[in-house]
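Here we start with a single chain on its own, the form predicted alone, put down as structure tokens.
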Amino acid sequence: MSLLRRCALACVVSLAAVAAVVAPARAQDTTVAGVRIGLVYAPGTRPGVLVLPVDGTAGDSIRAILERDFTYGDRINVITLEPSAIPQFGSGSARPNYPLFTRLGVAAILQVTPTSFGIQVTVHNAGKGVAERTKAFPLPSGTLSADWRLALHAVADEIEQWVTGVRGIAATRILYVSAGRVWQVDSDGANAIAITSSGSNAMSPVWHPKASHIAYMTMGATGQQVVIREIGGATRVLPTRSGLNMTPTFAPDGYTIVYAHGAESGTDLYATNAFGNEPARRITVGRGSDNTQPSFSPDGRRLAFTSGRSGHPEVYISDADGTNAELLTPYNFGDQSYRANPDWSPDGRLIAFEAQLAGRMQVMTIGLRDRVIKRHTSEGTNEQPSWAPDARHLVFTSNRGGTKQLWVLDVESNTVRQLTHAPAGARFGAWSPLLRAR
């Protein structure tokens, strides 16, 4: 098939069991992990965090969302206990029994108190036996609304930074295409919302680096067109030549957009001002081959893209103006040589891509420094990877569940979770930057 067509815990039942599961978290102090509140746990392990029951009508939802966000971040071991199994935490002048919590594998105790404007969060360091940090967080009105959930996700992200030294990625959303429409969904799979109308025949949506706009390809009167849509606002069609115009991506500067334009003589990458009307400039010279699917390096100086100039699709990198192009993925003879859909990680170290292996596409990564390739999937067909802001998680399209849906991959452990359950299937996932509730 041508490149163009591919483009076109269960709760713990005993205290002994909990202690056994999380025992590795109780280890010597480290200067690498827990730099924010000085937790004691070994490098390479996940600190045990217990979220205490939360009072109020929305208390159960707050606790569940925070626990799920920590679990999905893959850096924290959430200690799940039924309220009746949680040691009495103490009130007033009573001092919590911190040693008992540490015997349960708890490194940090999260105490959440509803307020008139939101919540107050106190993180207790069980090892030191102190309340390490307290902060009040405002939450918008409308419990469980999209903005309320996004604000609570941001709280989880900040707490994760306190505990692990790395900010979480819960306050993000993922774009995808289902039944020809662009949709967005929260990072935990909740609140799937259609952004474009039915019949838009959209493909390949991407986020603006400030998440203020999205861009995508759609069918128009003169062929495929690139559409730029302001979140909650107006849309504009990028002025392009008639024919094939697809796979747009924004540069980190937020002004430049690069897309693939094709005709009978092949497909090349073009760059222009995303919000202006000046003519686009050609930045690849494919000489009849197909050059598509651009992805910028975090500093905006380089591009990764798919090119068929070697006779079959491979991933190339070049300067942002198209010069100094070089083959990134190793060339192999034979029908299995198909590598495409590159996405440059936000930390600049890796490029994710899809590769054909035994007749199926699989998600791979390649290191920019050592050029070592790692395979991350094997079950079913897996393609179209897109990085999360933490450069650790990827969203990708997979048919492993029977239909094409979006799944999330932790590249360090290779564990996956299903993100979407769209009746018409989902594909072309694109992970947002960190967001802020309006």
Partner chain sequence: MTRGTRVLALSVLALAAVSACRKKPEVTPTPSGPTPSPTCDQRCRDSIALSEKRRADSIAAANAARDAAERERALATTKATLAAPVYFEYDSDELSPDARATLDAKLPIFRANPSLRIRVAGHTDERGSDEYNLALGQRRAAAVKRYLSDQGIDGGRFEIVSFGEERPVVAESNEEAWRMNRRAEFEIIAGAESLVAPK
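Positions refer to the first chain, counted from 1. Remember, predicted model here, so these are calculated numbers, not experimental data.
What comes next is about the form predicted together with the partner chain, which is not displayed.
Engineer: Have a look at Pro252, Gly189, Gly223, Pro346 for me and say which one sits with a heavy atom within 4.5 Å of the partner chain in the predicted complex.
Structural biologist: Contact check passes for Gly223.
Engineer: Between the options His312, Arg173, Arg149, His213, which residue brings a heavy atom to within 4.5 Å of the partner chain in the predicted complex?
Structural biologist: Flagged contact: His312.
Engineer: Out of the stretches listed (116 to 124, 273 to 281, 355 to 363, 70 to 78), which one is close to the partner chain in the predicted complex, meaning heavy atoms within 4.5 Å?
Structural biologist: In short, 355 to 363.
Engineer: Can Asp290 be called a contact residue for the partner chain in the predicted complex at 4.5 Å between heavy atoms?
Structural biologist: Yes, Asp290 sits close enough to the partner chain in the predicted complex that at least one of its heavy atoms falls within 4.5 Å.
Engineer: Should Asp390 be counted as a contact of the partner chain in the predicted complex, where contact means heavy atoms within 4.5 Å?
Structural biologist: Heavy-atom contact with the partner chain at 4.5 Å: absent for Asp390.
Engineer: Using 4.5 Å between non-hydrogen atoms, is Trp162 touching the partner chain in the predicted complex?
Structural biologist: No, Trp162 stays farther than 4.5 Å from the partner chain in the predicted complex.
Engineer: In the predicted complex, is there a heavy atom of the partner chain that lies within 4.5 Å of any heavy atom of Phe296, even though the partner is absent here?
Structural biologist: Heavy-atom contact with the partner chain at 4.5 Å: absent for Phe296.
Engineer: The partner chain is absent from this chain, but in the predicted complex, do Gly48, Thr102 and Glu158 each have a non-hydrogen atom within 4.5 Å of it?
Structural biologist: No: no residue has a heavy atom within 4.5 Å of the partner.
Engineer: Within 381 to 416, which residues come within 4.5 Å of the partner chain in the predicted complex, counting heavy atoms only?
Structural biologist: Read in sequence order, the residues that approach the partner chain (within 4.5 Å, in the predicted complex) are Glu383, Gln384, Lys404.
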